[in-house]
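Below sits a lone chain in structure tokens, taken as the form predicted alone.
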């Protein structure tokens, strides 16, 4: 690797890691939105993956090769436990319920000594690598893209457009909803594990209401036309604070303004508009 590239990666190492991890979180939101569900439990799933993996590393001394796949066990188990009652809800009621469950978990992290309380857990070994993060992100995008082009993808699209009509046509709606929630929990749990093992510290406030809304904004900005779209949205919103360091006092306000404008004027997301332009040029 050239020396200048090595220096560049070293300087922006945390940003490079954040782009990959936020890409996984964006996909965890994409999966549930793809079946027409507004679930905001991704931050909770991420926290379960982060805390369980950190404890396996710090308390049990397990190698990271075992910790990474095991980190999805707690998020998936939690998704199975809450999926039955919460998936009966829809729209804003499902969003409120999943946010509430996330806040319950945050209260547990704050009040149980095993999780470090308000101080969180520190000293986590930095074992995740950029190659590992982007390898998992690439596999996730490819897998979801292949699913989208299959019969399952068409069934998911039918559910997103009209759940009742999809059920009438024979689509197993509840099974697909649960599958989407489990996939979301898996992706968010992996993101939590990777995040914990690149930052060496985790705290309960990293997995509350604000992160949940931020993850949602990735998909709103990028769109859900393809799996790549929310990843692009996540990258834009991750890079934005770096570009606005000179106006740090108002960068969160600008972030919110950009999201609102995207929802109002780009309802299909940034990538959908780009694809539309390409199609128009081809037709011309």
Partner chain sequence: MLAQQLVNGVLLGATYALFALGFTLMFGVLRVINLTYGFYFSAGALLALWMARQGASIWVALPLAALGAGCIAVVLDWVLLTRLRRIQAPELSSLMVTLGGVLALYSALTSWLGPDIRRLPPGIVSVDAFHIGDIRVTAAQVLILGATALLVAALLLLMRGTRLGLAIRAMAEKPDAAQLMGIDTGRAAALVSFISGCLAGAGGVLIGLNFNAIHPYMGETMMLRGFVVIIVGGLGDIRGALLAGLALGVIEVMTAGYVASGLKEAVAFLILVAVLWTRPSGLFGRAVLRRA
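Positions refer to the first chain, counted from 1. Keep in mind that this is a model prediction, so the values were computed, not measured.
A second form of this protein, the form predicted in complex with the partner chain, is not displayed here; the remarks below concern that form.
Engineer: Please run the contact check for residue 106 against the partner chain in the predicted complex: heavy atoms, 4.5 angstroms, yes or no?
Structural biologist: Contact check for residue 106: yes, within 4.5 Å of the partner chain in the predicted complex.
Engineer: Does the 4.5 Å heavy atom contact test between residue 60 and the partner chain in the predicted complex come out positive?
Structural biologist: Because no heavy atom of residue 60 falls inside 4.5 Å of the partner chain in the predicted complex, the answer is no.
Engineer: Verify the contact flag for residue 200: yes if a non-hydrogen atom of it lies within 4.5 Å of a non-hydrogen atom of the partner chain in the predicted complex, no if not.
Structural biologist: Contact with the partner chain, no.
Engineer: Taking 4.5 angstroms as the cut-off for heavy atoms, does residue 56 touch the partner chain in the predicted complex?
Structural biologist: Answer no; every heavy atom of residue 56 is more than 4.5 Å from the partner chain in the predicted complex.
Engineer: Can you tell me which of 67-75, 139-147, 107-115, 179-187 lies within 4.5 Å of the partner chain in the predicted complex, counting heavy atoms only?
Structural biologist: Selected range: 107-115.
Engineer: Has each of 40, 88 and 256 got a heavy atom lying within 4.5 angstroms of the partner chain in the predicted complex?
Structural biologist: Checking in the predicted complex: 40, 88 and 256 are all within 4.5 Å of the partner chain.
Engineer: At 4.5 Å, heavy atom to heavy atom, what parts of 154-173 sit next to the partner chain in the predicted complex? List them in sequence order, or say none.
Structural biologist: Result: 163 alone.
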